[in-house]
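Single chain ahead, by itself, as structure tokens, in the form predicted on its own.
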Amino acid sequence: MKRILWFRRDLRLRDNPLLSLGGEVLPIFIFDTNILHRLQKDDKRVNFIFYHVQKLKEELQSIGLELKVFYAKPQAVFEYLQNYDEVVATGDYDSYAKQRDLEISHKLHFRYIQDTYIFKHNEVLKVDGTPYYVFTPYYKKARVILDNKNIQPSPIAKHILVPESYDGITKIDTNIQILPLCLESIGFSEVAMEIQTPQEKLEIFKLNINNYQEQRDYLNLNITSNLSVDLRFGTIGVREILRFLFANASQEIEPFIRQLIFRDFYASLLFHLPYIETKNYKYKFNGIEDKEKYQLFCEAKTGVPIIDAGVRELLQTGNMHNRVRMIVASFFTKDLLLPWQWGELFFAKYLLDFDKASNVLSWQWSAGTGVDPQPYFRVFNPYLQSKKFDKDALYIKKNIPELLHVEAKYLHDENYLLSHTTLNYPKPLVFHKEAAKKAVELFKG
């Protein structure tokens, strides 16, 4: 059997079930022009992916395989590749991915392999076969299944590499070109990035895991695993993380396992409720379109220090602390009253670890329009949040150096910020109490 091994969200050699399929194989990676044309030319994710594609190519060479790299629409790639029995790839649940895979399945037999998440989309269901819409019962069911789940490493099978040209990047549009294997060939520029291996991150996390539950929300302690981008692109498999956790069972591992299962819960919801990618699960109110407020938010000029610090961190690094994401999303939807879809797209544009399911469901959670039973009146006070989780304003001042001279307590004080002029920094765009009250009335109405 001749099969194409399509690497997508599994950019690694180690514990990759794609490589457990033997026989005559053609390993490929596609830089999808449908996706790339929407991105800025210095996009950090493309840099991250390109680095790991090169690394994957080297790792495959070490076991006698290779990686053929394409720059094209996926449909064009599979029109170019002839005389194969099947294509195998890991699953993906967003609308674009499902439509893309459906179209390709009409050209060639398509087989999914489970790798992106812990569970298959139909593995954690109610007794009647319907999906869970509430996390706690989902978690309880998933935890029982996980205890009996095989999470051992996937073996590497014996392969015969298809004779092909594996040099450079094969570009397919009106004709076929072989381009040098570099970022410039796909229209992107290099940006400086410090890339740490996921195994190194795990060893650091091992030292912090006992404090994860109590301290993960504090913005200057760096207690989180920092593995979200690796999970997103599969530079580490979720099974390897689980094996690591179970090997350290004497520590407080359950809070982190719970977060991994939450990731699966959101993926399951997106699969079973595809319309929530763009539409509210509940409530008719969907924000007020205000391009001026949106632009000020995007430029980190809201005048609310914790919000602007978070946006600046995102724009400069591609990262944003998870607690800050919640504060920012609540402010965006409840204080600025902007549509959550606008915020979701903004995060999607810049987050290194962007995952459609997690991003959409998290924004719907913050807006109060998602499956979470907590209704519309949950509103974060950004000043109380920053006071609690960034008391000394170290996070704020790191990202907004214009505020270095302002005493920390004033950066958590809305009245002070509204009544005093700060050099090179705007006053708050809205008064939180009034904005929150208006949001609750609009959602209720």
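It should be emphasised that the depicted structure is a prediction, and the values quoted were computed from it without experimental measurement. The first residue of the sequence shown is number 1, and the count goes up from there.
The same protein also exists as the form predicted together with a small molecule; that form is not shown, yet it is the one meant from here on.
Quiz prompt | 4.5 Å heavy atom contact with the small molecule in the predicted bound form for all of Asn16, Gln61 and Ile156 | solution = Spot residues vs the small molecule: no contact at all.
Quiz item: Of the options Phe119, Tyr212, Tyr350, Trp342, which one has a non-hydrogen atom that comes within 4.5 Å of the small molecule in the predicted bound form?
Solution: Looking at Phe119, Tyr212, Tyr350, Trp342 one by one, just Tyr212 meets the 4.5 Å heavy-atom criterion.
Quiz prompt | Heavy atom within 4.5 Å of the small molecule in the predicted bound form - the one residue of Phe188, Phe256, Tyr93, Tyr84 that qualifies | solution = Comparing distances to the small molecule in the predicted bound form, the residue within 4.5 Å is Phe256.
Quiz item: Within a 4.5 Å heavy atom cut-off, is Trp363 in contact with the small molecule in the predicted bound form?
Solution: Close contact exists here: in the predicted bound form, Trp363 approaches the small molecule to within 4.5 Å, heavy atoms only.
Quiz item: Might Tyr266 be said to contact the small molecule in the predicted bound form, defining contact as any heavy atom within 4.5 Å?
Solution: Tyr266 belongs to the contact set for the small molecule.
Quiz item: Hey, in the predicted bound form, does Val162 get a heavy atom within 4.5 angstroms of the small molecule?
Solution: Val162 lies outside the contact set for the small molecule.
Quiz item: Quick one: is Thr197 in contact with the small molecule in the predicted bound form, heavy atoms, 4.5 Å cut-off?
Solution: Output for Thr197 is no: heavy atoms all beyond 4.5 Å of the small molecule.
Quiz item: For the chain shown here without its partner, which stretch in 355-363, 101-109, 136-144, 73-81 has non-hydrogen atoms within 4.5 angstroms of the small molecule in the predicted bound form?
Solution: Stretch with heavy atoms near the partner: 355-363.
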